Ligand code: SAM
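Only one chain is included here, represented as structure tokens and corresponding to the form predicted on its own.
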Amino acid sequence: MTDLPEGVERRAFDGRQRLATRGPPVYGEPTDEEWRLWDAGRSKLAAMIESGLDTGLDGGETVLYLGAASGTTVSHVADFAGPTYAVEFAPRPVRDLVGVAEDRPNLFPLLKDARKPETYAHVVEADVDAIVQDVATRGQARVAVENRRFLREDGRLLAAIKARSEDVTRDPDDVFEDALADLREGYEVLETARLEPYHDDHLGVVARPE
């Protein structure tokens, strides 16, 4: 079983051992004392951990999170990480994200487009330990390559590639193959895993800068 970062544990929910982080509840998730369920069915990163991928996360890292939406997953990341920069370009979810950050002083919401890293380069510190990416846009691998500038030399990219965001008409395996080829323009791909049964037609990718 994959080692969990410090600050992430398996706790009993619904009679099963499931991932949990310690922090204020955000979206009505079940809690066990100060621990709250981190549901792999709602979080690509949790699904990557449950799928056995070695994320390289130990806890306390500086994280750049691309595609933070309303803060479901990034709230869990901020529970166990250090400074966490959360990039989201849609104004409505960012309003929710700002509310999540009120209880997490290490979480910094940024109303920015992950395809344009130059617009937040003045805010995000260099040499972050990990980039977590979950963007539902065409060109997901290109987003990762463009944001590589922020990652330290031996940092980790933890990306969920959504086949349907690239092309709904193509076979997902072909989409993933193309995305990995594009990723290799800037990264060494260390591990991949399909994220079923948690998320259909998604590929979890662990990579480091080349």
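Residues carry their position along the shown sequence, with the first being 1. All figures in this text were calculated on a predicted structure; none of them were measured in a lab.
Just so it is clear, the following notes concern the form predicted together with the ligand, a form of the same protein that is not shown.
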is_contact(N106, the ligand) in the predicted complex, heavy atom dist at most 4.5 Å: no
is_contact(V145, the ligand) in the predicted complex, heavy atom dist at most 4.5 Å: no
R184 within 4.5 Å of the ligand in the predicted complex, heavy atoms: no
Distance check, A81 to the ligand in the predicted complex, heavy atom within 4.5 Å: no
Interface segment, criterion being heavy atoms within 4.5 Å of the ligand in the predicted complex, picked from 148-156, 173-181, 61-69, 47-55: 61-69
R42, E88 and D113 all contacting the ligand in the predicted complex, non-hydrogen atom within 4.5 Å: yes
Residues of 154-192 having any heavy atom within 4.5 Å of the ligand in the predicted complex, listed in sequence order: none
